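Only one chain is included here, represented as structure tokens and corresponding to the form predicted alone.
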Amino acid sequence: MSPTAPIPDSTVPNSDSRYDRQLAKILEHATAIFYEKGYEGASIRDLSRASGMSLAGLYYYFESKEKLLYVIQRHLFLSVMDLVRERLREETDPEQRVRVFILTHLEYFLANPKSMKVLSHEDDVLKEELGADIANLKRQYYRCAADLVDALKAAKGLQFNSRVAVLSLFGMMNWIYTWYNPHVDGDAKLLAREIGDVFLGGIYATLAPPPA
């Protein structure tokens, strides 16, 4: 299998079978343990105790702690990318498409704050084939955002560094779990609107001057 070859969909949980429900349960408990102790600090025994499964039971699903982290990360990326694609089908306006991306990202990860921390803090743990597959998914997700921003840039005649703009947007969105307080900052829709206003206000300030 090549480094970026897709891993079979059986590694992604759904609710269609007892096996998949059990897998989803393991991922939920494992995410909580990685969130609390970090990848290096967590052990398979910790995961066994949290999930209520024997070590043998865990090894039936995952041959290593690394593979477990891989499945958690892969499931997160595939889930949020599928949601983004689904919502973008209903929108054609370039600015609103950027706002759809921002809202979807924030809604998904504010609903899964522990997963967001694990994704942010353990992004360099996976090596070789597993690491390459996750890196490929990250590139796809970045490219989705970059394409949306580039389409808006072209439609409005803006002049800015797209890479800097997109990475700055992710910088605003990816660390919200460290400071977000729903009682102060509002829900995901309000937060997405405000972050969108800040981001779009910044790039709209680069409107090209009229020709001399």
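Residue numbers run from 1 along the displayed sequence. What you see is a predicted model, and the numbers here were worked out from it, not measured in a lab.
In what follows, reference is made to the form predicted in complex with a further copy of the same chain, a form of this protein that is not presented.
Here is the short version: of Asp147, Asp46, Glu66, Asp185, the single residue with a heavy atom within 4.5 Å of a further copy of the same chain in the model of the complex is Asp185. Only one of Glu107, Glu129, Glu91, Glu95 lies close to a further copy of the same chain in the model of the complex, with a heavy atom inside 4.5 Å, and it is Glu95.
The candidate stretches are 66-74, 25-33, 172-180, 46-54, and the one lying within 4.5 Å of a further copy of the same chain in the model of the complex by heavy atoms is 172-180. For the chain shown alone, Asp124 is a contact residue for a further copy of the same chain in the model of the complex, at least one non-hydrogen atom being within 4.5 angstroms. Contact between Val164 and a further copy of the same chain in the model of the complex is found at the 4.5 Å heavy atom cutoff.
When a further copy of the same chain is considered in the model of the complex, Gly41 lines it closely, a heavy atom lying within 4.5 Å. Using a 4.5 angstroms limit between non-hydrogen atoms, Lys156 touches a further copy of the same chain in the model of the complex.
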